[in-house]
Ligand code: LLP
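Below sits a lone chain in structure tokens, taken as the form predicted on its own.
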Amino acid sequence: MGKAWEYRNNLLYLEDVALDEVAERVGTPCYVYSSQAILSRYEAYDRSFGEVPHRICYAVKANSNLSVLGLLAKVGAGFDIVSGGELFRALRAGANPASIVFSGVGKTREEIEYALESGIHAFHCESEPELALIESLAARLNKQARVALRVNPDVDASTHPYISTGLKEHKFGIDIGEVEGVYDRARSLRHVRLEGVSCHIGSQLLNVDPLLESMDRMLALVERLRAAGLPIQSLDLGGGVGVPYQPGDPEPSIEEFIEKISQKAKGRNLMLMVEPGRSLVAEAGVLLSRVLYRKRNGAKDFIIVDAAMNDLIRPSLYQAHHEIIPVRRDERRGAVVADVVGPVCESGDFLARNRHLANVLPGDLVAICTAGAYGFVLSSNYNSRPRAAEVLVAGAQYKIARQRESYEDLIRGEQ
């Protein structure tokens, strides 16, 4: 759907806000998100389902800022959570609890009780012991818990091994060859309603074929379960499509993907659910950073910026590529090949290696692109660095969605 940022007179804008103005007011490093980009992507998912019954549950783990969650809650989004903390955030942001699904392989007793008391839509259950615990807690609270078993369809997502979740060797879900027996044994549970099936094979899929193969396997499973007398009403296919992080990456079409799965579901009397996260928020965000120093070691050039691996760990953790562009463009300076690194005392603290990029100088601002997903949520206080501020843009206006942490924040709760 294209980038959320653009140059105007060689100055970088997000919607109608000049990013140098945000940096001057809020400081750096700082995450900045476009409301319009998030909402337009959500609407693309919603619109493309047409008349097919559906629910779009935003994956909170991608970006859990309250302002982002609130933006989506206002347009009727559901939410996919993986912890009690994410449930708290979603509810605080105004989410309808009946639109929330609770995924995750290690739900605690306290988290399940919290979700039951909050009245969430359903649990995506990943094992028989978890199913037994949900039954026990629901009985004690005199509640009925809707449950969809998460199925591991044994489909290779062909993505980074850390974010691939759909093979037998992964910790997620129940093997598709065993799941019918689990459903059958669960018939006797009095406080669990087995109304759905779910799966999730991984994220950052630039080819939707594995998702479509997974859906075919899941539809066949639904038919077998219905034939056995189970009232399966919903099918959750997990995450959405991937996003292009660098020039030349394919850009899967949200509309084409949803239209394909909708066609497969027609006439089956199924509620279709998807859990997009990255594809809603990744391209909507940038991380602003200021150049501190230029350094040369032998033949190696380094650009040292004030953002670090504690602010954006994806390059170190996943060897992920993020385009790094100047906030104020000056093509007269030419380009340089350099490592872009931060102040953290680790050799793994890099944002780019051997990157061909603009010849930025100390004091210049840069934007680290496609940083709206798995950016701030994975940040830490390593090296006792306060976490970055977050800003939400809407048209020509912007607001601080999260204050920058202070040194006092670093020691809150310690003695």
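For clarity, every value in this text was computed on a predicted model and none was experimentally measured. We number the residues from 1 along the sequence you see.
The same protein also has a form predicted together with the named molecule, omitted here; what follows describes it.
Within 4.5 Å of any heavy atom of the named molecule in the predicted complex lies no heavy atom of residue 385. Using a 4.5 Å cutoff between non-hydrogen atoms, residue 314 counts as a contact of the named molecule in the predicted complex. Although the partner is absent here, residue 293 is not a contact residue: none of its heavy atoms lies within 4.5 angstroms of the named molecule in the predicted complex. Although the partner is absent here, residue 54 sits far enough away that none of its heavy atoms falls within 4.5 Å of the named molecule in the predicted complex. The partner is not drawn, yet in the predicted complex one stretch among 301 to 309, 181 to 189, 341 to 349, 274 to 282 has residues with heavy atoms inside 4.5 Å of the named molecule: 274 to 282. Contact with the named molecule in the predicted complex, defined as a heavy atom within 4.5 Å, holds for exactly one of 39, 378, 358, 66, namely 378. Of the residues in 56 to 93, those that come within 4.5 Å of the named molecule in the predicted complex through at least one heavy atom are, in sequence order, 59, 61, 80.
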